[in-house]
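This document starts with one chain, in the form predicted alone, laid out as structure tokens.
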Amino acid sequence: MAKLDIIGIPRALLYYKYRYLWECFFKELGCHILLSPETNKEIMDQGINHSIDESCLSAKIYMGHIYAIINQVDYIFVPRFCNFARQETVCTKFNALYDIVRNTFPHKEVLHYNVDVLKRNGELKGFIKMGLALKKNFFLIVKAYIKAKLKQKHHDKLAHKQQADLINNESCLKMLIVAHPYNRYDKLVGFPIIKYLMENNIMPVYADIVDHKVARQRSLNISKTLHWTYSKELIGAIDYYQDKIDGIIFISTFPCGPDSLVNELCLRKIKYVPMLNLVLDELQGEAGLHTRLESFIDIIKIRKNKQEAVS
């Protein structure tokens, strides 16, 4: 019996956005997938050791996830993203990660697909090249891609519907979490914040759970010149959910360039709802976070009580 290729997928960065697409595709090709563990202190420390100081904490954590599984797999999966169209680009770390990983871990083969639409490198083309690199049949590759794409689309629609149902039915305070999925899902970065809110009967509403086309269009109501696609989707969600939330919490990791600009833009332009900007680094402790969250929640409760008293 032929040995199955073991594909290592770091549980970090864009995994949280495309996990169903990636996992389904490789499984349909007959590959075995090995996910790195959830982020812990050891993974973060190894990521710091294998990164330059100027990298943001999220990128450092990603390198730690690669280190955690590097010797257990045949390939490390590191896709490259550059742009989706004109004025639809992404943070340069998603363009550079492939080369960074190859140079940091030169002994391991890196599997990737490239999305650079301005150079006619679309997603389907990238997946076909990746499947052929694994020596799979062309028609099997296309079939696997279509099935994986449908699965990702189904999950995204289901998550949006579930969140919409919760917002409409829950009577508790609702907090919009404006954070990239890789920050809000991460066990060390976003999880302690979400856990604290839920323990205090605050319902988290996630900005990344929204129809992405609608969000990019709604982002124009806040900024007409922003060109980072993933940032557009997040700030578009602010406009989309504005009449359904009581407060906004921004979660980003130091020193993220796009987030530092976009979050400051929102703090200056949005006036109709209280906002809290949390920038986390490897030295951040939960006690300080809880103090800031507690104060912010108190402000929102006082504000809501005043509004209800007036009405």
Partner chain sequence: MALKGAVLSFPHLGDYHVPIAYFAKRLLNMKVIKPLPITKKTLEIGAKYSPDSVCVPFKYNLGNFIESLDQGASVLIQAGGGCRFGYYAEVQEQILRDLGYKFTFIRIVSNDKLTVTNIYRQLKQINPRLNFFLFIYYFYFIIRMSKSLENIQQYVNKNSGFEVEKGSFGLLYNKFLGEIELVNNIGELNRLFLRYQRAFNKLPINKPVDCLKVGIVGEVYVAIEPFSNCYVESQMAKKGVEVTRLVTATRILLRRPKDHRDLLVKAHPYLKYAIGADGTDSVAKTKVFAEEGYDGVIHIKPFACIPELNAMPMLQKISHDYNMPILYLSFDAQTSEAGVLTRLEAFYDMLLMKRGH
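It should be emphasised that the depicted structure is a prediction, and the values quoted were computed from it without experimental measurement. Residue numbers count along the first chain shown, from 1.
The form predicted together with its partner chain exists for this protein as well; it is not shown, and the discussion that follows is about that form.
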Counting only non-hydrogen atoms and a 4.5 Å threshold, tell me whether Cys91, Ile100 and Leu261 all contact its partner chain in the predicted complex. yes
The stretch from 160 to 168, 191 to 199, 80 to 88, 205 to 213 that lies within 4.5 Å of its partner chain in the predicted complex, judged by heavy atoms, is 80 to 88
Answer yes if any heavy atom of Ser55 is within 4.5 Å of a heavy atom of its partner chain in the predicted complex; otherwise answer no. yes
Indicate whether His112 is a 4.5 Å heavy atom neighbour of its partner chain in the predicted complex. yes
May I ask you to state whether Ile222 is within 4.5 Å of its partner chain in the predicted complex, using heavy atom distances? yes
State yes or no: in the predicted complex, is some non-hydrogen atom of Leu226 no more than 4.5 angstroms from a non-hydrogen atom of its partner chain? yes
State the residue from Ala96, Ala133, Leu150, Leu140 whose non-hydrogen atoms include one within 4.5 Å of its partner chain in the predicted complex. Ala96
Please pick, from Lys41, Lys244, Lys269, His32, the one residue with any non-hydrogen atom lying within 4.5 angstroms of its partner chain in the predicted complex. Lys269
